[in-house]
Every structure is written in structure tokens, then in C-alpha cells.
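Both blocks below hold the same protein chain, though in two forms, and each is given as C-alpha cells: structure 1 and structure 2.
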Structure 1
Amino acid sequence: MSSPEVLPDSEAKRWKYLNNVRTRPGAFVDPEEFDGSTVVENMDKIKIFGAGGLGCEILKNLALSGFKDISVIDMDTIDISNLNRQFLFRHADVGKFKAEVAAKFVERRVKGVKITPYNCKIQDFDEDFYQQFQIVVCGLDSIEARRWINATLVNMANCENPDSMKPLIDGGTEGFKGQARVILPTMGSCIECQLDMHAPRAAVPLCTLASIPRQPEHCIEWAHVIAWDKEKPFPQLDKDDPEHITWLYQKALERAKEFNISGVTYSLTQGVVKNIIPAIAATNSVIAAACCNEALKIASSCAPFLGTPGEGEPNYMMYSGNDSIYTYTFKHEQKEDCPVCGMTARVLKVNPTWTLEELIESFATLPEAQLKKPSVRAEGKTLYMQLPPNLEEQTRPNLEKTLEQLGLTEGTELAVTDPAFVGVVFNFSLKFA
């Protein structure tokens, strides 16, 4: 059942209480430096970009916070499982693109706001596209996507051009926990600096998957890791292709029935394969509100925002709803050896008897790297390249050689790249353990 539209008598009446906040200086703002008379006009001109799994909440909040020109990216279509928490969608919308449906719904309810939807990945656009926005708000459900947009905005930043500095407001949830943070590219800690806070989950032993699965997740991982590799139903697994996920779901369901395990669903299959934590509506609303609150503060200057330049100013807010409600803010320091915003190589402890293949595999599980398809160069030579195929074939024999056999010594610097992070070079300095 759709809700009736409720419109204000006038534009001024709709924004009356919001204007009481955004046009007045807060307790921590210098009244002499705050000009509330221009805030509404300036916010009308600001172009803001939003993306990700917190999209419904973020889109609604931004529109009701006075932002008039919003762009949103989401490549997903609406699944019936979304209807329990993503309130902009109705049963008739199942199968349609989320970005389009959400944009139309909010435009219909909040008159005067213009929302431009894009049904694609954030990686489908280049730096020229992102230059048009003044603020970027992300509620992405993927670490890889977060790292990509972070690297893109840092690469865009030019100290001689203030307009190139795009504040990144990032929010994420995991069950009853969540976080919101503001990143000013090159001026403080970025997402890559904080990567070790998002260490990959421990892998389930293959012997458990192959012989004694005990949980529905084990059946899904069996289909993902073992059955797919054995049967090769498609040339390459595309985690965003519903046909591929359906194949994995059917295989996992068969496996679960064999061992009398219940709980395998399509949405769970999608979550396990894409490493998505099930979302809780209340947590999403809290974190989305925190992110949009920061956007309002940045746009209006009515109060200091997370990440405000200054000694000891917090840039990270943690939230926990597991036992009552708890929040905590702190400053995450910028790392000099950050591969995106730092200037020095990161020390990498290795065993000199490792083969190059073992070293490359370690990049996937290393909390501060988490690279799935790394290519490696050393000083003056190429050790291994994932692409193009002819170069991969030429460098493949190096995988069986030890680091010592390859002439790598303590202090040797490695340049590591990954196709998921175009333009980013991860520099490591070897330290033998």
C-alpha cells in the first residue's frame, strides 16, 4: 500500500526548521566567520554524489537536508528480500534498477530536488566524471569499491586547485555495528591507511568444505570453491551476474540436502560469495544519518565536521548496537607508508625460502594489502604479470622459484599492482624474517 503524498504549503514552510539549523552558527563555530545568509543558495548549487548499500537512507536524508542536485550510482536490481528494509521500493518494483526507482520516489516526495540515477559500477566512470561533484557520500557494501573510490579521489587532489579536493564521507555497517568517517584526500588518513581495520575473514579449511560441512555457508563455499572449479559452467565467475549466483545457489542447495543442512537461500548465497554481511535496518538508518549529518555540516559550515583539519580532531565515528547503544569518535592517523596517500614503501616481512607464488598468495590475506590478482615487479625486472596473457605465460616459470633464487634481498623494493585498483602502485620493502 503506497503512502499518500504530503506536500508543504510553501517552499519556505518545508525548510523552516532545517534553516533554523543550517543558517545559524553552532556552539563550536566562530560567528564572525559564519555567513548564514548564503548557506541556502550555496547548498542549492552543490552537486553531491551517493552510492552503495545505504542508498535508500542516504538518498532520503540528503534530499530532506536541503541538497537539490544529487547523483546516485547503484548497479543492482531490486530483489524481493530488499523490501523488508529498503523503504523506497514496493513489490511492483522487483526486478527494476534500484537507482532509478529510488530517484523517482524521492523526487516525487521532495519537490524541487533533482536526482540523476546511474545503473552501473562506480568504476565505470573516470576522474572527469567525479570532478563535477563537491561532496561524495558512499555507503558501499564492498571493501574493493571503497578502496577504488578512495584512490580515485586522492589521485584527483591537487594542492594548487582547491576545487579538486572532494571530501569523501564513508559509512558502513556490519550487523549491529557500523562506522562513519570523513576523508579529506591527501590532508589526512584515507581508507587505505585504515585497511587493516577491515581484515578479511578467516577462510574455512578445504577439508571441512569437501567432507564435513556443518553450516549453510560451508555448502555455499563448497559450490563456490570446489564445484565451480570442477564443472566450469561459465568461463569466469561474475559475482554480479544473477545466472552465475543462481547456479551456485542450486549447487549449494543440493549439497545442503545431502547433509541435512537447512538455511541455504539465494540471498545468503549472494552474501557469502560477495562477502556481504546481512544488513539490519536500524543500523543502516543510524549510519546513514551520521553520514548525511556530516554532509550538511561540510556544506553549510554550521558546525565542525569529522575530519576538520586540526591537531587531534576526530575523523572516525564507531557505533555499536549489540549491547544498548555506544558511540565513540577518534582520530585515525595518516600512515607514511600508505600506498595511496603516503610517500614511503611499506615494510613486508617474508621468508627468503618462500616461492614467488607463496608471496603472491600472501597478498590476498595480508590485512594491509588484500590484493586478489597482484602483479609484481622488482627493481629493474618483472617478476610476474597477471595480464596480458602472453606476458603471464612468459613470467609464469618465476612462480616456482624462491625469493633468493630470484635475486631478491632484504631491502629490495617491490612494486605491486592489481587490476581492481587502476593507477595505484603498492610499494613494499622486503624484510627477511
Structure 2
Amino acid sequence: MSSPEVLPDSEAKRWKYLNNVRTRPGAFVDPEEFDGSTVVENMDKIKIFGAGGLGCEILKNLALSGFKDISVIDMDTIDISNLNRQFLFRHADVGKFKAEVAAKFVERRVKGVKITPYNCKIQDFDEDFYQQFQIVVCGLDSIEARRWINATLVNMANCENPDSMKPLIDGGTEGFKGQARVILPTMGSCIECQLDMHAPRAAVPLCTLASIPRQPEHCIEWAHVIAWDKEKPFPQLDKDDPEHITWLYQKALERAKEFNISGVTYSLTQGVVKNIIPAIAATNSVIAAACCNEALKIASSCAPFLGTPGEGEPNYMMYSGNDSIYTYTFKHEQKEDCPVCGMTARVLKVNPTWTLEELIESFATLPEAQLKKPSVRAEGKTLYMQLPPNLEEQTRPNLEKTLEQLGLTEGTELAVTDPAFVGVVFNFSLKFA
């Protein structure tokens, strides 16, 4: 429900500090190119959406930056471990939907701002939905989700229609470190171009887990992956269920005892199984504010913003706070062969004696692909489709054939799709090793 209308006079008084800055050009914007009189009106109309674990900070910041029409998308419910930093939530809110609770709280606190919550995944919406927004601010906690929204926005961007170009502002944190970046779809480096900034963590080899564990983490992973599968104590592993974690903890402890390994604790068990990343309010504040600062500058044009197109113009800020304070603000260059925003196909080094199955499996671990369920076509011909089931059955025999046998040669272009990225085609050009 919207809050009572605030009188225009008190609006001016209320937003005095913000308006002093956003309606004036300052020293770094050409006063001839800047019209301060339309900023407030324009920003009142902007639809902006935020999502993810930095959501509380982002909502607070956007509301106090003069945005009036904010949407928030989050599928999560509130957990007790969120309360040390997700400050819009209280003990009594545990179990409720984050988007709803956050939206209600900020609407009540900052009058005149409308916040529309959606309790679902960002992937549950399509291009038509995202078309309504002018700016997107994300503080998501997975690379997949980031790649998805990036691909969606890049696909939508059509340089003949300026409204279809929506700046994506992305922030992420880990302990005392974080990054904030601005992506102007098709006009510069995108999330996919920047995939090499997030190398996937090397998995512990199976033989280490199975026969030569040395670290407490090995014992935990063994319990998680091997013992659980074998003994199936519960039908489905629920990583948030303390009973399930306790089972894994005890199993890991037994194994550790067997090999004389110390260090298995409940906390470590949880950490390994859930891949827990340490998080504190302070770092989240820094990164979310850096993102929203850019949103304000983009929306008002009252100062240069990160991601301004142009030679040498930075679009990426890295932040590190564990050893003094360091930021590194630089320009990440767009990649010509980016599967999402690039024009040319990406070179893929392969061995012609590989089977199609081996090629398909390699897509998962390849840093510049990271595709878990790829379907492959080559120059018009379908090689293997994961879905639908009848097509999968039809193309399954191809898995055993070698690339050579399938008629693939040096320079053949592959078109790869993956259900995690609907509408995106990853183009690769084969190079035989």
C-alpha cells in the first residue's frame, strides 16, 4: 500500500542534501550538457530493480538516492544466519520471504517510495518483464544467476532502441573483499567477458576422498559425497537441516579418527557442505553503496560514472579490506569472442580423437565456458541435444563417436546452448591440438 502523499514543499526540504548535488553539474560534468531542472522528475519515473544478498543495503540506498519505483526479486526466505548483516530482518521474520519483508520495511521507513517485491528467482521472468526497467542493480550470490541476467540484458539490447539498453550494476562480496562493476550491454565488457575473474575452485580428486584423505575437509567431502550416497540416511539431503549436517559431521569425525586427522568440527562441516562464504555487514555496506552510487550518477548524469564508454574509462572496482584498504578501479576490456556479447566465435582447443561425450564433459570445467548441460550443433547439423528426451535418445549414439568420425574439422563452428542460459548461443571455433 502506498504511503500518504508528502507535500511538495516538505519534499524539497526532505531531499535538500540529495537535490543540492544531483540537480547541479559539479566540476566534472559540462554545465552546457546538463539540465538540472529535469533530474528529479526523470528519476521519479525510473524503474529500477535490485536482487540478491546485498538486497537490504541496496534497497535502503536506492530509496535514499531519490528512486521512487523500485522492484526487488529474491526467492529466499529469511534464515537466522542472515541477521548479522541483512538488517531489515528480525528474529520474528525468520522463515518469511526476504523480498516481501524488505519491501515493507523500507516503504514504511522512507515515505514516498514504492517497492514491489517478487518472491521468486530472477530466471522465472522473461525479456518482456525486464523490458520495463531502466536500471538493474544486482548483489546476487551465484555466478550462474549473474550470467543469466547478463545474457538476458545483452540479448535484449538493440542499439536502434536506446530504451532497450539497460545498465547492469553488479556487486559481490566475500569476507573483507568485494567488487562493484557496471555493464552497459553490448557497449562494453559484460559478465561473460569477465568470467576469467572468477576461476572455478578445483574440486578435490575422488581418489583423495576415497583412499588418501589428509585434511579434515577431505573427510567431510567423503561423508557428503560417498557415505551419504551409500547409506542414504534421509531421502533428500537438506543442507539447512541441522539433523542432516549432524549426520555428516559424525560420519566425517569417524573417518577422521580412522586416519588420525584432526580438525573436523560442526562449523567446518557446514562450511564445506554448504560452501559457506564468510560475510559481514561492513563489506556489504561498501559494495552495495558503491553500486548504488553509480546508479544515482547514471540516472541523474550529475557526475561521471563507472562504465562510461570510452578509451581507458574504468568499469570495474575491486575492493580489499583485510590488509589496510585497497581499491583497484580499472577498465575490463570487452572480448571480441565473448559468447554472449562478442561478434566472433571463441577458439576451442580440442583433440580430434576425443569422443563427443568427452568434448561435452569438458565444457563444464573449461574456465571460458563453464556449461554444465550443453547441447551441441555444428554448422546446421545437430550433434547432441540434452532435451527433449526423444531428441536426446536420437542423438545419443553420437556421444561415442570421435570428433573426426563426426566430420568435424579444423575451423568448424559449434553452436552450444545450455538450459541455464535460455536464448543464448555460445559460438566456438575448433582448433585441433
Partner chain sequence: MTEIVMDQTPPILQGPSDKERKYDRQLRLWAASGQAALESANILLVNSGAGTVGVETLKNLILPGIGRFVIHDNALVDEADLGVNFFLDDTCYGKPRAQCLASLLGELNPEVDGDWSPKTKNDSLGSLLKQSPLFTAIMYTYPINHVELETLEQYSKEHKTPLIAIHSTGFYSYFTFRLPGTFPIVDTHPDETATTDLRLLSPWPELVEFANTMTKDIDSLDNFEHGHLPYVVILLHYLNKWKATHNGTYPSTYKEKMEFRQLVRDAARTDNPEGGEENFDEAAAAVLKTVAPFSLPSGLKEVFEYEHKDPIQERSTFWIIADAVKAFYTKHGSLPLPGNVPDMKAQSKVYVQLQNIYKAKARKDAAEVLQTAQAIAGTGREMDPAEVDLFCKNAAFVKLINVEGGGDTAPLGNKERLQQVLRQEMANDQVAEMTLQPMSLFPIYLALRGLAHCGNASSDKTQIVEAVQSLLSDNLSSEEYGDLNEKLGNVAEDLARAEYGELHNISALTGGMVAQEMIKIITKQYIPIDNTCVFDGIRSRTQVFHV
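Start at 1 and count along the sequence of structure 1; that gives the residue numbers used here. These figures come from a predicted structure and were not determined experimentally. By rigid core we mean the largest C-alpha set that fits within 1.5 Å across both forms.
- Between the two renderings of this chain, the form predicted alone is found in structure 1; structure 2 comes from elsewhere.
- Shown in the overlay between structure 1 and structure 2, fitted on the rigid core, is a CA shift at R346 smaller than 2 Å.
- Relative to the superposed rigid core, Q250 undergoes a CA displacement of at least 2 Å between structure 1 and structure 2.
- Put the two forms on the same core and the Cα of D241 is off by 2 Å or more between structure 1 and structure 2.
- Core-aligned Cα shift between structure 1 and structure 2 at Q215: this is 5.9 Å.
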